[in-house]
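Take a look at this single chain, the form predicted alone, given in structure tokens.
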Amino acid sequence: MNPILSLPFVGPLFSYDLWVIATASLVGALCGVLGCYLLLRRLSMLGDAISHAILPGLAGAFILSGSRDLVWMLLGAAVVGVLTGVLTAGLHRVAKIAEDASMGVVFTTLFALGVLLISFAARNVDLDPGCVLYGLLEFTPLDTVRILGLELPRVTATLAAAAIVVTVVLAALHKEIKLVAFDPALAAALGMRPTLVHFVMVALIAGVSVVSFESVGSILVVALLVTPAATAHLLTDRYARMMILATILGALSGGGGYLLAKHLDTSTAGCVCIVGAFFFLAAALFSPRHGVLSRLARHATLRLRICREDILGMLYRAAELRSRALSRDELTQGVGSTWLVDLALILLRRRGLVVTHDAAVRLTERGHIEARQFVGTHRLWESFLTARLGLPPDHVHAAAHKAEHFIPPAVREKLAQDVRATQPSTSPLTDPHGRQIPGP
């Protein structure tokens, strides 16, 4: 057999490998898009509950039908999956048990029952409990069916049919699912049926879990229901975009996990989880809005901007009161951070706002013009707090020192108009300490 393509660090890939990648990617995409609903409803563990609790449905369907026909398996899983949601909601409402506790009671009980039934059924037929729990993704291309003249792995064909069903349902109920995911109470007030929508989604999750069991097992289904959706949620706050990203990330986790497993010659299911966790870690660190490093960068940028503006204000007041420059040590005492002052001075010199001569820092003409804005905003806010809120003049400096960095020009103009209304129109505006308020 000739390889179809070859990848670095992986080696040659045959048609067998491509079918495994397609199967893993379909599982990841289906679980990822359905996991978005669970995540937004804060019911991610319900996916864990369903994927474990439907085991008695699978075993019961097999015992009653005597076969592993997909129709019977889906029917048994759907019944138990919906039953899981009903029992969880019932215990939460009737017995007044916390939702997470009721979920834990239901799914562990049903899971234990499922293990017992599977073990009982496995005594007489080839039904391996390990396959249900861990899956056999690598062997899925061995069981094939012929569809339209093409020889396809049975699991891949089943997953493709499930993908069509999921796509149709999500498209038909997009508005209802979106509203129920964010605000079930509002959905009910608008005449929708959030309970019915919820159980439709539970049935979809149960069905996808069933068709995924044979390839990836129940353990990996749980990871794929949670991780891609959580990663997508870190990257965007828009529902439609989140679903698209979760689908892509789930597919990449599945396909990439198999390639990593082939490279390392280890468990495929474990590598799929590792790749999904890697995507989540990368999003948690580098996400533009929610990433840890991104937040640290925004915080550092804000601190540096405030330091630059504080230095401009200190130099302006020094020139205004004493007509002299300030030393680096005096600026450090005012700001409180040596390295921050040094970095701010470098940036201010590059922008042509300050000059340094004989260890003394002075404002340039351009820096003087820019510093007027911050000092003027500071004194306007002091005047507003004193005139409108009745605060004493010696209690307004700290508040104005914080506010001056975040007041936009439009608000500054309104403050100037308000302060002008409280002072004679023929005289310059002054702050509560008698100092002139510079204009923009």
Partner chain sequence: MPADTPPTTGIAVEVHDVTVAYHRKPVLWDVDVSFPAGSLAAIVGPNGAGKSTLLKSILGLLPIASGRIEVFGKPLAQVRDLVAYVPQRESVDWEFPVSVFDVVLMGRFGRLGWFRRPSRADRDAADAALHSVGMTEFRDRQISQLSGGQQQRVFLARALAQDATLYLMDEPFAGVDAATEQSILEVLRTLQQQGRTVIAVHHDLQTVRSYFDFVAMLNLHLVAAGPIETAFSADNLKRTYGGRLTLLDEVTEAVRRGGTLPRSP
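Numbering follows the first chain given and starts at 1. These numbers come from a predicted model, not from an experiment.
Same protein, other form: the form predicted together with the partner chain, not shown, and the subject of what follows.
Enquirer: Tell me the stretch among 57-65, 397-405, 26-34, 368-376 that has any heavy atom within 4.5 angstroms of the partner chain in the predicted bound form.
Expert: Single hit among the candidates: 397-405.
Enquirer: Please determine whether residue 304 contacts the partner chain in the predicted bound form, using a 4.5 Å cut-off between heavy atoms.
Expert: Flag for residue 304 set to no.
Enquirer: At 4.5 Å between heavy atoms, is residue 351 in contact with the partner chain in the predicted bound form?
Expert: Residue-level check for residue 351: no, no contact with the partner chain.
Enquirer: So in the predicted bound form, does any heavy atom of residue 174 sit within 4.5 Å of the partner chain?
Expert: Residue-level check for residue 174: no, no contact with the partner chain.
Enquirer: Is there a heavy atom of residue 299 no more than 4.5 Å from a heavy atom of the partner chain in the predicted bound form?
Expert: Residue 299: contacts the partner chain in the predicted bound form.
Enquirer: Using heavy atoms only and a 4.5 Å cut-off, decide whether all three of 295, 388 and 411 touch the partner chain in the predicted bound form.
Expert: Yes: 295, 388 and 411 each sit within 4.5 Å of the partner chain in the predicted bound form.
Enquirer: Heavy atoms within 4.5 Å of the partner chain in the predicted bound form is the criterion; list the residues of 359-387 that meet it.
Expert: Going through 359-387 in order - heavy atoms within 4.5 Å of the partner chain in the predicted bound form - the hits are 381, 384.
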